[in-house]
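Presented as structure tokens, the chain that follows is alone, the form predicted alone.
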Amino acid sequence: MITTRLCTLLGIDFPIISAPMTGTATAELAAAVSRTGGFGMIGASLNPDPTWLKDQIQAVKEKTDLPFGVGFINSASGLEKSVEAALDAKVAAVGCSFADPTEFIAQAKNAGVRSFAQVQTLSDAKKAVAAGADVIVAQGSEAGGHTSYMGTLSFVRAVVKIAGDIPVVASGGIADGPGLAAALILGAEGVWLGTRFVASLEWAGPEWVKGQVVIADADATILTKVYDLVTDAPFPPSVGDRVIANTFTDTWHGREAEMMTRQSELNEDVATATAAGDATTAPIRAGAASGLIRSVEPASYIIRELMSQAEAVLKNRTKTLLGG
């Protein structure tokens, strides 16, 4: 069985963390991942009221006594009470993303809670190392939704080289066992999966989004800023947004200045399309690994399949290459 330093640190069986997708990685998914031996994460909402998050944390605790965590989009404002709620609840870990992680890591340390720092640049990775993050998540541009412009392969390796004793987790373009095996070979201690868990029974997002992920090909996604710009989303300029390409992105990607002259109208169009499940206009955030996903499965099945595939690859492929 594959065991890494991440497993030892977090007290889990498998080096798989489910990404804390905002508002859609709920208690059901987090509990299912943790019960299976991975590390489940709740994706905190952007609502300043911490009530929803408190309810989600309690719901996970009612389903399992195994470790889980909460992830935050720290570039958004008004999350102070939600962060306090997660720390007061003594979840096993809290995650920071899209902002300087230094203050967040210190706050987690003071509360006796482990910290995950998701980083998209080497500069932020160095800040996470200096601040003493317990885990650094190196996110490459193949990731779904909000992500960097650096490729996963080179970025993960670069972060591993500066991380010292801090475990690095690979994120972006990983959806199967060979991807997990590749991340481990790079020196990562585990993987952080979003898109693969979008296509799970427990993901709380719309069913039509799951369907779009399943039918998407490997070249179906685009890294763009159009949705963030038109909706005034709270992400830094250095961060892109990987979505499944559609009529909206075909029309406006590369024509952002013109698009912004019609911002109010187009923002309303996007909101209407999202409510109606109109995939031609609504954003469908998914990674480049969508082309590897062909079915919606229980989270437990996904984790066990990944582990079985990864073990087979590491055993058989290595033996073949080394002539053993």
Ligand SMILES: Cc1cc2nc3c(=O)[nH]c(=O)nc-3n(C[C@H](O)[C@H](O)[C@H](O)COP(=O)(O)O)c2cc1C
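Throughout, we count residues from 1 along the sequence that is shown. Every value quoted in this text rests on a predicted model; they were computed, and no experiment measured them.
Only in words, not in the display: the form predicted together with the named molecule, which the text now covers.
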Practice problem: May I ask whether I73, A143 and A289 each come within 4.5 Å of the named molecule in the predicted complex, counting any non-hydrogen atom? | Solution: yes
Quiz item: Looking at 181-189, 168-176, 101-109, 249-257, which lies within 4.5 angstroms of the named molecule in the predicted complex, counting heavy atoms?
Solution: 168-176
Practice problem: May I ask you to choose, among A19, I16, L10, I302, the residue with a heavy atom within 4.5 Å of the named molecule in the predicted complex? | Solution: A19
Exercise. Consider W203 of the chain shown here, and say whether it contacts the named molecule in the predicted complex, taking contact as heavy atoms within 4.5 Å.
Key: yes
Practice problem: Give a yes/no on whether A128 approaches the named molecule to within 4.5 Å in the predicted complex, heavy atoms considered. | Solution: no
Practice problem: Indicate whether the named molecule has at least one heavy atom within 4.5 Å of a heavy atom of T221 in the predicted complex. | Solution: no
Quiz item: So in the predicted complex, does any heavy atom of V198 sit within 4.5 Å of the named molecule?
Solution: yes
